[in-house]
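The chain below stands alone, shown as C-alpha coordinates; this is the form predicted alone.
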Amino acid sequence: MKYLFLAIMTLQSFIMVAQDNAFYPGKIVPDDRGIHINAHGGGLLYHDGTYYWFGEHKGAHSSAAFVGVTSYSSSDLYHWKYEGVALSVESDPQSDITQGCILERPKVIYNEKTGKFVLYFHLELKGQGYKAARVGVAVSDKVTGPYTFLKSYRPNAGIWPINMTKGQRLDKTKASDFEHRGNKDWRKAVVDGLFTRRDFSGGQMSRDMTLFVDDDGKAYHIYSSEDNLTLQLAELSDDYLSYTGKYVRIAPGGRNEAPALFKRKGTYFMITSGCTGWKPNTARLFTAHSIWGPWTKHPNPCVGIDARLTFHSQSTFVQPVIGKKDAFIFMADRWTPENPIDARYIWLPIRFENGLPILEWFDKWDLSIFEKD
(Lines give C-alpha, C1' and ligand atoms only; values in the text may rest on other atoms or scores of the structure.)
Protein backbone atom coordinates (compact mmCIF):
# COMPACT_ATOMS: atom_id res chain seq x y z
CA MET A 1 0.00 0.00 0.00
CA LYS A 2 2.89 2.32 0.86
CA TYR A 3 4.46 1.84 -2.58
CA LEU A 4 1.12 2.36 -4.34
CA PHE A 5 0.69 5.65 -2.48
CA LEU A 6 4.19 6.77 -3.49
CA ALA A 7 3.53 5.82 -7.11
CA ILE A 8 0.30 7.83 -7.13
CA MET A 9 2.03 10.85 -5.56
CA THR A 10 4.84 10.63 -8.12
CA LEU A 11 2.34 10.46 -11.00
CA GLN A 12 0.45 13.44 -9.57
CA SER A 13 3.67 15.45 -9.33
CA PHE A 14 4.43 14.63 -12.99
CA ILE A 15 0.95 15.76 -14.04
CA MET A 16 1.16 18.92 -11.94
CA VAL A 17 4.47 19.96 -13.50
CA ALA A 18 3.32 19.00 -16.99
CA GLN A 19 0.17 21.15 -16.69
CA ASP A 20 1.97 24.12 -15.16
CA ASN A 21 3.29 26.63 -17.70
CA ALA A 22 6.56 27.17 -15.89
CA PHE A 23 10.15 26.00 -15.69
CA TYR A 24 11.52 24.31 -12.56
CA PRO A 25 15.33 24.17 -12.94
CA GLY A 26 16.80 20.99 -11.52
CA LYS A 27 13.46 19.17 -11.22
CA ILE A 28 12.12 16.24 -13.23
CA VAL A 29 10.94 17.35 -16.70
CA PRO A 30 8.24 14.91 -17.86
CA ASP A 31 7.31 14.37 -21.50
CA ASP A 32 3.77 13.61 -22.71
CA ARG A 33 4.13 10.06 -21.33
CA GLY A 34 5.08 11.26 -17.85
CA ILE A 35 8.71 10.10 -18.30
CA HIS A 36 11.68 12.32 -17.46
CA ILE A 37 13.03 13.71 -20.73
CA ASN A 38 16.13 11.81 -21.84
CA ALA A 39 17.93 14.34 -24.05
CA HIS A 40 21.12 15.30 -22.25
CA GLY A 41 23.85 17.61 -23.54
CA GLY A 42 21.39 18.71 -26.17
CA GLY A 43 20.10 21.71 -28.05
CA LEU A 44 16.95 23.06 -29.65
CA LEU A 45 15.89 23.75 -33.21
CA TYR A 46 12.91 25.97 -34.01
CA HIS A 47 11.24 24.94 -37.27
CA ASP A 48 7.80 25.77 -38.71
CA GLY A 49 6.35 26.99 -35.42
CA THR A 50 7.66 24.13 -33.28
CA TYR A 51 10.67 23.70 -31.01
CA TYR A 52 12.56 20.41 -31.29
CA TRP A 53 14.85 19.21 -28.51
CA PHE A 54 17.63 16.76 -29.41
CA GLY A 55 19.93 15.15 -26.88
CA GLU A 56 21.86 12.13 -25.66
CA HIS A 57 19.88 9.13 -24.48
CA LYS A 58 21.50 7.92 -21.27
CA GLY A 59 21.00 4.75 -19.26
CA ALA A 60 20.89 4.17 -15.53
CA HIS A 61 24.40 2.75 -15.32
CA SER A 62 26.34 4.14 -18.28
CA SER A 63 26.83 7.35 -20.22
CA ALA A 64 27.84 5.38 -23.32
CA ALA A 65 25.44 5.33 -26.27
CA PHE A 66 23.26 2.22 -26.39
CA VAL A 67 20.23 3.94 -27.96
CA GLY A 68 21.33 7.13 -29.73
CA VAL A 69 19.96 10.66 -30.09
CA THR A 70 16.42 11.26 -28.89
CA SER A 71 14.02 14.01 -29.99
CA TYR A 72 11.07 15.84 -28.46
CA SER A 73 8.75 18.57 -29.76
CA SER A 74 6.94 21.50 -28.18
CA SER A 75 4.93 24.52 -29.30
CA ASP A 76 5.46 26.46 -26.08
CA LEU A 77 8.75 25.21 -24.49
CA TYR A 78 6.80 23.98 -21.43
CA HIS A 79 5.14 20.78 -22.67
CA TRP A 80 7.14 18.20 -24.60
CA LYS A 81 6.07 15.33 -26.81
CA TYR A 82 8.36 12.35 -27.26
CA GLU A 83 9.20 11.98 -30.97
CA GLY A 84 11.42 8.92 -30.71
CA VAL A 85 15.02 8.15 -31.56
CA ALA A 86 16.29 10.55 -34.22
CA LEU A 87 19.62 8.78 -34.75
CA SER A 88 20.07 5.19 -33.64
CA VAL A 89 23.40 3.64 -32.79
CA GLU A 90 24.17 0.56 -34.88
CA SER A 91 24.65 -3.11 -34.10
CA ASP A 92 27.49 -3.51 -36.60
CA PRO A 93 30.70 -3.64 -34.52
CA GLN A 94 32.59 -2.07 -37.44
CA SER A 95 30.38 1.02 -37.46
CA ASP A 96 31.76 4.24 -36.00
CA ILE A 97 28.51 4.60 -34.05
CA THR A 98 28.23 1.02 -32.86
CA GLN A 99 26.44 0.37 -29.57
CA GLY A 100 28.66 1.40 -26.67
CA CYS A 101 30.40 4.26 -28.42
CA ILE A 102 30.42 7.70 -26.78
CA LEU A 103 28.02 10.06 -28.52
CA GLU A 104 27.71 13.49 -26.93
CA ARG A 105 26.21 16.98 -27.36
CA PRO A 106 24.12 16.44 -30.51
CA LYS A 107 22.89 19.58 -32.28
CA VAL A 108 20.60 19.90 -35.32
CA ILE A 109 20.37 22.75 -37.83
CA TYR A 110 18.19 23.19 -40.91
CA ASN A 111 19.62 24.02 -44.32
CA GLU A 112 17.27 26.31 -46.22
CA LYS A 113 19.02 25.65 -49.55
CA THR A 114 18.93 21.86 -49.47
CA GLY A 115 15.85 21.32 -47.29
CA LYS A 116 17.90 18.90 -45.17
CA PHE A 117 18.21 18.66 -41.41
CA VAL A 118 21.83 18.19 -40.37
CA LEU A 119 22.97 16.64 -37.09
CA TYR A 120 26.46 17.06 -35.65
CA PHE A 121 27.77 15.38 -32.50
CA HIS A 122 30.94 14.60 -30.58
CA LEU A 123 31.94 10.98 -31.17
CA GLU A 124 34.40 8.72 -29.39
CA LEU A 125 34.93 5.27 -30.88
CA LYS A 126 33.94 2.30 -28.75
CA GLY A 127 36.68 1.01 -26.49
CA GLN A 128 39.03 3.95 -27.09
CA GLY A 129 38.02 6.22 -24.24
CA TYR A 130 38.36 9.83 -25.37
CA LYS A 131 41.20 9.20 -27.78
CA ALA A 132 39.35 9.55 -31.10
CA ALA A 133 37.97 13.10 -30.54
CA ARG A 134 35.86 13.11 -33.71
CA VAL A 135 32.86 14.95 -35.05
CA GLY A 136 30.00 12.86 -36.39
CA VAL A 137 27.61 14.02 -39.11
CA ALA A 138 24.14 12.72 -39.99
CA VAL A 139 21.32 14.01 -42.20
CA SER A 140 17.55 13.63 -42.60
CA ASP A 141 14.70 14.89 -44.77
CA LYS A 142 12.48 15.05 -41.68
CA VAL A 143 13.22 17.06 -38.55
CA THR A 144 12.62 14.18 -36.15
CA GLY A 145 14.45 11.69 -38.34
CA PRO A 146 15.39 9.02 -38.81
CA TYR A 147 18.83 10.51 -39.47
CA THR A 148 21.31 8.72 -41.70
CA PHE A 149 24.84 8.62 -40.35
CA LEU A 150 27.28 9.89 -42.99
CA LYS A 151 30.76 10.00 -41.49
CA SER A 152 32.99 10.79 -38.54
CA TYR A 153 36.40 12.40 -38.67
CA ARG A 154 38.56 15.19 -37.32
CA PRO A 155 37.97 18.62 -38.87
CA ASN A 156 40.24 20.58 -41.18
CA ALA A 157 43.04 18.09 -41.81
CA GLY A 158 46.00 19.76 -43.53
CA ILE A 159 44.63 23.28 -43.01
CA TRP A 160 45.93 26.02 -40.71
CA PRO A 161 43.70 28.31 -38.61
CA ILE A 162 43.48 31.76 -40.16
CA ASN A 163 44.60 33.41 -36.91
CA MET A 164 47.75 31.35 -36.50
CA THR A 165 50.88 33.25 -37.48
CA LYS A 166 53.52 32.03 -39.90
CA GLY A 167 55.98 31.81 -37.04
CA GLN A 168 53.60 29.63 -35.04
CA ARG A 169 53.05 27.36 -38.05
CA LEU A 170 56.79 26.90 -38.63
CA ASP A 171 57.68 26.43 -34.95
CA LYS A 172 59.40 23.06 -34.43
CA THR A 173 58.56 22.70 -30.73
CA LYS A 174 56.99 19.33 -29.91
CA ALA A 175 55.12 17.99 -26.90
CA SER A 176 57.96 15.53 -26.30
CA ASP A 177 60.27 18.50 -25.67
CA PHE A 178 58.62 18.99 -22.28
CA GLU A 179 59.23 16.68 -19.35
CA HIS A 180 56.19 18.04 -17.49
CA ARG A 181 53.00 19.72 -18.57
CA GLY A 182 51.82 22.94 -17.00
CA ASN A 183 54.95 25.03 -16.58
CA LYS A 184 55.30 28.49 -18.12
CA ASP A 185 57.16 27.34 -21.23
CA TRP A 186 54.66 24.55 -21.90
CA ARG A 187 51.70 26.93 -21.54
CA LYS A 188 53.30 29.36 -23.97
CA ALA A 189 53.92 26.52 -26.42
CA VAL A 190 50.22 25.54 -26.23
CA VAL A 191 49.19 29.13 -26.96
CA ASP A 192 51.61 29.13 -29.90
CA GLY A 193 49.97 26.07 -31.43
CA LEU A 194 51.84 23.08 -30.00
CA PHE A 195 48.86 20.73 -30.45
CA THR A 196 47.49 22.44 -33.56
CA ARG A 197 50.72 21.47 -35.31
CA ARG A 198 50.67 17.98 -33.81
CA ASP A 199 47.19 17.33 -35.27
CA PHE A 200 47.68 19.25 -38.51
CA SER A 201 47.87 16.30 -40.91
CA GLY A 202 45.21 14.11 -39.27
CA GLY A 203 42.73 16.86 -38.43
CA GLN A 204 41.95 18.82 -35.29
CA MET A 205 40.47 17.16 -32.21
CA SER A 206 36.73 17.79 -31.79
CA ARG A 207 35.02 17.15 -28.46
CA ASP A 208 32.37 19.24 -26.62
CA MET A 209 30.57 21.15 -29.36
CA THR A 210 27.71 23.27 -30.57
CA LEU A 211 26.41 24.60 -33.89
CA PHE A 212 25.44 28.16 -34.76
CA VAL A 213 23.64 29.54 -37.82
CA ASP A 214 24.17 33.25 -38.41
CA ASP A 215 21.71 35.75 -39.86
CA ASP A 216 23.16 35.26 -43.36
CA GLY A 217 22.61 31.49 -43.26
CA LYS A 218 26.29 30.69 -42.71
CA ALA A 219 26.74 27.86 -40.21
CA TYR A 220 29.58 27.23 -37.80
CA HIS A 221 30.85 24.32 -35.71
CA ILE A 222 32.38 25.35 -32.36
CA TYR A 223 34.27 22.64 -30.49
CA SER A 224 36.81 21.98 -27.77
CA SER A 225 40.10 20.96 -29.35
CA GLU A 226 43.83 20.55 -28.74
CA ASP A 227 43.44 18.22 -25.72
CA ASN A 228 40.54 20.41 -24.52
CA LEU A 229 42.97 23.31 -24.16
CA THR A 230 41.64 25.51 -26.97
CA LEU A 231 38.29 26.17 -28.62
CA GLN A 232 38.07 26.22 -32.39
CA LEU A 233 35.36 27.73 -34.57
CA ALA A 234 35.02 26.39 -38.12
CA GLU A 235 32.84 27.54 -41.00
CA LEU A 236 30.65 24.87 -42.59
CA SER A 237 30.09 24.40 -46.31
CA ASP A 238 26.91 25.67 -47.97
CA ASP A 239 25.23 22.29 -47.51
CA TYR A 240 26.40 22.14 -43.86
CA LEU A 241 27.88 18.67 -44.44
CA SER A 242 31.58 19.58 -44.42
CA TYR A 243 33.99 22.46 -43.85
CA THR A 244 35.14 25.37 -45.99
CA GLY A 245 38.64 25.24 -44.47
CA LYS A 246 38.24 28.59 -42.72
CA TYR A 247 38.59 28.30 -38.94
CA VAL A 248 40.05 30.10 -35.93
CA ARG A 249 41.43 29.25 -32.50
CA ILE A 250 39.66 30.89 -29.55
CA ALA A 251 41.23 31.42 -26.11
CA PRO A 252 44.30 29.22 -26.80
CA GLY A 253 45.36 27.36 -23.69
CA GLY A 254 42.29 28.53 -21.79
CA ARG A 255 40.86 25.04 -21.06
CA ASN A 256 37.32 25.70 -22.24
CA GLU A 257 34.58 23.22 -23.11
CA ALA A 258 30.76 23.08 -23.32
CA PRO A 259 30.42 26.08 -25.68
CA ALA A 260 27.02 27.75 -26.12
CA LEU A 261 26.91 30.58 -28.65
CA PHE A 262 24.24 33.20 -29.43
CA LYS A 263 23.95 36.65 -31.00
CA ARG A 264 22.28 39.85 -29.80
CA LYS A 265 22.34 43.31 -31.40
CA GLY A 266 25.30 42.44 -33.61
CA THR A 267 27.42 41.02 -30.78
CA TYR A 268 28.34 37.36 -30.48
CA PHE A 269 28.24 35.84 -27.00
CA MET A 270 29.68 32.51 -25.96
CA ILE A 271 29.26 30.86 -22.57
CA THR A 272 31.61 27.98 -21.76
CA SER A 273 32.85 26.01 -18.78
CA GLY A 274 36.22 24.95 -17.51
CA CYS A 275 37.44 21.36 -17.81
CA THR A 276 36.67 19.48 -14.58
CA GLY A 277 35.06 16.31 -15.92
CA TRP A 278 31.57 15.67 -14.53
CA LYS A 279 32.08 18.16 -11.71
CA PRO A 280 30.68 21.69 -12.14
CA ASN A 281 32.89 24.76 -12.24
CA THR A 282 32.74 28.48 -12.91
CA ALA A 283 31.19 29.54 -16.22
CA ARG A 284 33.17 31.70 -18.63
CA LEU A 285 31.87 34.40 -20.95
CA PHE A 286 33.34 35.61 -24.23
CA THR A 287 32.16 38.29 -26.67
CA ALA A 288 33.12 39.34 -30.20
CA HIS A 289 31.85 41.81 -32.79
CA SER A 290 32.86 39.42 -35.57
CA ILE A 291 32.40 35.68 -35.33
CA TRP A 292 36.05 35.41 -36.37
CA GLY A 293 37.10 37.43 -33.34
CA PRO A 294 38.96 38.72 -31.58
CA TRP A 295 37.05 37.17 -28.68
CA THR A 296 37.20 38.99 -25.34
CA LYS A 297 36.87 37.16 -22.04
CA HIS A 298 34.61 38.59 -19.31
CA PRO A 299 33.89 37.64 -15.68
CA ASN A 300 31.55 34.80 -14.71
CA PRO A 301 28.04 35.65 -16.00
CA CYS A 302 26.40 33.81 -13.06
CA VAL A 303 25.45 35.75 -9.94
CA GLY A 304 24.13 34.81 -6.52
CA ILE A 305 24.27 31.58 -4.53
CA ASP A 306 26.22 28.78 -6.25
CA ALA A 307 27.25 31.13 -9.06
CA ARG A 308 30.82 29.82 -8.70
CA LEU A 309 29.57 26.37 -9.74
CA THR A 310 27.19 27.55 -12.47
CA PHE A 311 24.37 26.43 -10.16
CA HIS A 312 25.87 22.92 -10.18
CA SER A 313 25.51 22.58 -13.96
CA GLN A 314 27.36 22.89 -17.25
CA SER A 315 26.32 24.86 -20.34
CA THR A 316 25.06 23.13 -23.47
CA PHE A 317 23.00 25.62 -25.54
CA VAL A 318 21.35 29.04 -25.65
CA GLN A 319 17.92 29.19 -27.28
CA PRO A 320 16.25 32.42 -28.47
CA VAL A 321 12.57 32.61 -27.55
CA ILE A 322 10.84 33.14 -30.88
CA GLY A 323 8.52 36.15 -30.96
CA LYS A 324 10.05 37.87 -27.92
CA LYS A 325 12.67 40.59 -28.18
CA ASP A 326 16.06 39.95 -26.55
CA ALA A 327 14.72 36.78 -24.93
CA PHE A 328 17.20 33.92 -24.53
CA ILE A 329 17.18 30.74 -22.45
CA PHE A 330 20.42 29.37 -21.04
CA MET A 331 20.37 25.57 -21.17
CA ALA A 332 22.65 23.47 -18.98
CA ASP A 333 22.96 19.95 -17.60
CA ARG A 334 23.35 18.91 -13.97
CA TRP A 335 25.30 15.70 -14.48
CA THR A 336 24.81 12.62 -12.27
CA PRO A 337 27.46 10.10 -13.45
CA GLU A 338 26.39 7.59 -10.82
CA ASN A 339 22.91 7.53 -12.43
CA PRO A 340 23.25 9.21 -15.85
CA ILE A 341 19.59 8.90 -16.87
CA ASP A 342 18.59 11.05 -13.87
CA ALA A 343 20.72 14.03 -14.91
CA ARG A 344 18.62 17.19 -14.57
CA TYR A 345 18.17 20.21 -16.80
CA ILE A 346 18.92 23.75 -15.73
CA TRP A 347 17.09 26.27 -17.89
CA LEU A 348 17.41 29.91 -16.84
CA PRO A 349 16.46 33.24 -18.41
CA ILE A 350 19.28 35.47 -19.60
CA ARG A 351 19.03 39.12 -18.67
CA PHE A 352 21.49 41.84 -19.65
CA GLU A 353 23.38 44.46 -17.67
CA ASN A 354 25.62 46.94 -19.45
CA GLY A 355 25.30 44.86 -22.60
CA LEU A 356 26.50 41.61 -20.99
CA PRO A 357 24.43 38.53 -20.10
CA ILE A 358 23.61 37.79 -16.47
CA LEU A 359 22.42 34.44 -15.11
CA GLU A 360 20.69 34.14 -11.76
CA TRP A 361 18.87 31.27 -10.10
CA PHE A 362 15.09 30.84 -10.09
CA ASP A 363 13.32 27.92 -8.42
CA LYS A 364 10.42 28.60 -10.79
CA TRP A 365 9.98 30.97 -13.71
CA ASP A 366 8.06 31.40 -16.94
CA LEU A 367 8.37 33.27 -20.22
CA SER A 368 6.54 36.33 -18.87
CA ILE A 369 9.86 37.27 -17.24
CA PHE A 370 10.97 38.58 -20.61
CA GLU A 371 8.12 41.07 -20.64
CA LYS A 372 9.33 42.79 -17.48
CA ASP A 373 11.56 45.83 -17.45
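Heads up: residue numbers just count along the shown sequence, starting at 1. Quick caveat: nothing in here was measured; it's all calculated off a predicted structure.
This next part talks about the form predicted in complex with a small molecule, which is not shown.
**Student:** Quick one: from 115, 167, 277, 182, grab the residue that has a heavy atom within 4.5 Å of the small molecule in the predicted complex.
**Tutor:** Of the listed residues, the single hit is 277.
**Student:** Considering non-hydrogen atoms and a 4.5 Å limit, which listed residue (284, 105, 249, 134) is close to the small molecule in the predicted complex?
**Tutor:** Looking at 284, 105, 249, 134 one by one, just 105 meets the 4.5 Å heavy-atom criterion.
**Student:** Would you classify residue 178 as touching the small molecule in the predicted complex, given a 4.5 Å non-hydrogen atom cut-off?
**Tutor:** The answer is no: residue 178 has no heavy atom within 4.5 Å of the small molecule.
**Student:** How about residue 257: is it within 4.5 Å of the small molecule in the predicted complex, going by heavy atoms?
**Tutor:** Within the cut-off, so yes.
**Student:** Answer with yes or no whether residue 208 is in contact with the small molecule in the predicted complex, where contact means some heavy atom within 4.5 Å.
**Tutor:** Answer yes; at least one heavy atom of residue 208 falls within 4.5 Å of the small molecule in the predicted complex.
**Student:** Do residue 313 and the small molecule share at least one heavy atom pair within 4.5 Å in the predicted complex?
**Tutor:** Residue 313: no contact with the small molecule in the predicted complex.
**Student:** If we take heavy atoms and a 4.5 Å cut-off, which stretch out of 188-196, 298-306, 97-105, 239-247 is in contact with the small molecule in the predicted complex?
**Tutor:** Of the options given, it is 97-105.
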